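There is one chain below, alone, in structure tokens, taken in the form predicted on its own.
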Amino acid sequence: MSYPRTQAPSGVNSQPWAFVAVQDPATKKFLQEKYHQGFRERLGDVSIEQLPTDTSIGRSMRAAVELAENMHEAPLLLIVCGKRDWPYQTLLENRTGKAPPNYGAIYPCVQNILLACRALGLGASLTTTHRIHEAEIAERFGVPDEYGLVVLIPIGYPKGKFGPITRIPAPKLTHYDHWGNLTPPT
């Protein structure tokens, strides 16, 4: 069988990513429970009924609560792991404990996954709340110490609205030569 290759860029072509694709229902439930536990530890015991439906933040929070409660129902939960590597700016004498994953390489890889899902009509969401229980999750999946659990992506078929998305136009976010100068040079 031929598998697609990852195409994301990484420094010196290190490709420091690895994936755990979770489809087993009991294992997905374990991940959902850890995610939901972390969600409650950070935000409290938020009930979806408490949240407004008439504001953007209310709708986003309702979606977050629904994801935390129902993540295990997604057909696939993809854990993106990153090889641990000390950033250049961390001096040798400050390198204690485990190095962090190489986020600079992992996030372009994750973005490629999200874009590919969108192109295929699949819903996917970059989540990180699972990291609150990273050690327990890594142990359950046998992830070696030289990798960190960077992102958990539930992937499935969207329900409800799944049309074009809106983003702030680039000219409103681009500063020329100095912060605050939104006028491009002529």
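Remember, it's a predicted structure, so these values are computed and weren't measured experimentally. Here the rigid core means the biggest group of C-alpha atoms that line up within 1.5 Å when the two forms are laid on top of each other. Numbering starts at 1 and runs along the sequence shown.
Not pictured, yet referred to below: the form predicted in complex with a small molecule.
Taking non-hydrogen atoms only, residue 127 approaches the small molecule to within 4.5 angstroms in the predicted bound form.
Contact check for residue 42: a non-hydrogen atom falls within 4.5 Å of the small molecule in the predicted bound form. Among heavy atoms of residue 67, some come within 4.5 Å of the small molecule in the predicted bound form. Using a 4.5 angstroms limit between non-hydrogen atoms, residue 172 is distant from the small molecule in the predicted bound form. None of 6-14, 160-168, 20-28, 174-182 except one has non-hydrogen atoms within 4.5 angstroms of the small molecule in the predicted bound form; the exception is 160-168.
With a cut-off of 2 Å and the rigid core superposed, residue 13 has a Cα displacement that falls short of the cut-off between this form and the one not shown.
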